[in-house]
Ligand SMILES: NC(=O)c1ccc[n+]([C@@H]2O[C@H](COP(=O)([O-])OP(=O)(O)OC[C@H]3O[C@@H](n4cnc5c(N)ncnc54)[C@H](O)[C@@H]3O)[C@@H](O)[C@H]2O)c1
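Below you will find one chain, with nothing else, as structure tokens; this is the form predicted alone, and questions on how it binds or moves follow later.
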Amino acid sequence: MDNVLVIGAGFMGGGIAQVVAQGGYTVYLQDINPESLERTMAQIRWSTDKLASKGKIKDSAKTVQDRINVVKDLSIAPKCQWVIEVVFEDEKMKKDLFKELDATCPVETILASNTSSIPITRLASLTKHPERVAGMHFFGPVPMMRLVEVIKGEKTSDAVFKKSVDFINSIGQYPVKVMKDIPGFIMNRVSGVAFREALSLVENGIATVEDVDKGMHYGFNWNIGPFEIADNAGIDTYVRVGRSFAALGAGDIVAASPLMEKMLKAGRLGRKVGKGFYDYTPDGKQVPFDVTKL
């Protein structure tokens, strides 16, 4: 079974490492922050224990956990057949990383980005082998969400694209094939417009956060509403992605809102800090909060 390096041990990186390990792969999870690695591994242990107790993973929790190896640098990269970067949504940071990986990894290694907005073609532009760079945009929380957008850059080879789709299938996720490399790909363009309208309804006093979320759940069969999705992803992530969209000329789908900036300044970053569009109790219970009073 192939070795997979996941770069970035945040909310998304940890989830990706978990589902890849559940798929039977040997995983190396890298981050320069020891605290992030420790916190994420604790979350993975909790998640896999819970899933195993419900019979939702085929192997034991310990077997899955033992497949994940914590590393503090990228020296393992040349020994991996797959590298998935999950760093901040910063184009320069990602480009520099791909340039480094391209120089150190064998040409057979497939390099993938979990970017949610930046075209893969741009990220591969500094590499000598752009044909082996593809997009794999996971959705969080990854162990609970089966969707992965697989993006074909302008120079991504057909063989690499097919292997990437097959890889996503092999870990039990559903690959949505993005055949044209545009900012935001497919799902974030759709959800971005929906969130923009939802935010406007709340800001203008037409509806509450809770009622919009409940309306989308009961009326359109969404598992969770747009504001719950935002809290799961992180308000800081939403703002960062929005700025990226705007810089890429896709500002029409951005939820440009003073309220989002107020939440950012107030530290209401979502579920990961216990407060966002909702407040969250220590046991994870969701409590309504009036964000218009910020």
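The structure displayed is predicted, hence computed values, not measured ones. Counting begins at 1, following the sequence as shown.
Another form exists, predicted together with this ligand; not displayed. Remarks below refer to it.
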item: Contact of Lys152 with this ligand in the model of the complex (heavy atom, 4.5 Å); value: no
item: Heavy atom of Met260 within 4.5 Å of this ligand in the model of the complex; value: no
item: Asn33: touches this ligand in the model of the complex, heavy atom cutoff 4.5 angstroms; value: yes
item: Non-hydrogen atom contact Phe220 with this ligand in the model of the complex at 4.5 angstroms; value: no
item: Answer option from Ile68, Ile44, Ala233, Ala52, heavy atom within 4.5 Å of this ligand in the model of the complex; value: Ala233
item: 4.5 Å heavy atom contact with this ligand in the model of the complex for all of Phe11, Glu89 and Phe138; value: yes
item: Option from 193 to 201, 166 to 174, 81 to 89, 124 to 132 whose residues, in the model of the complex, bring a heavy atom within 4.5 Å of this ligand; value: 81 to 89
item: Within 4.5 Å of this ligand in the model of the complex: residues from 114 to 137 (heavy atom criterion); value: Asn114, Thr115, Ser116, His137
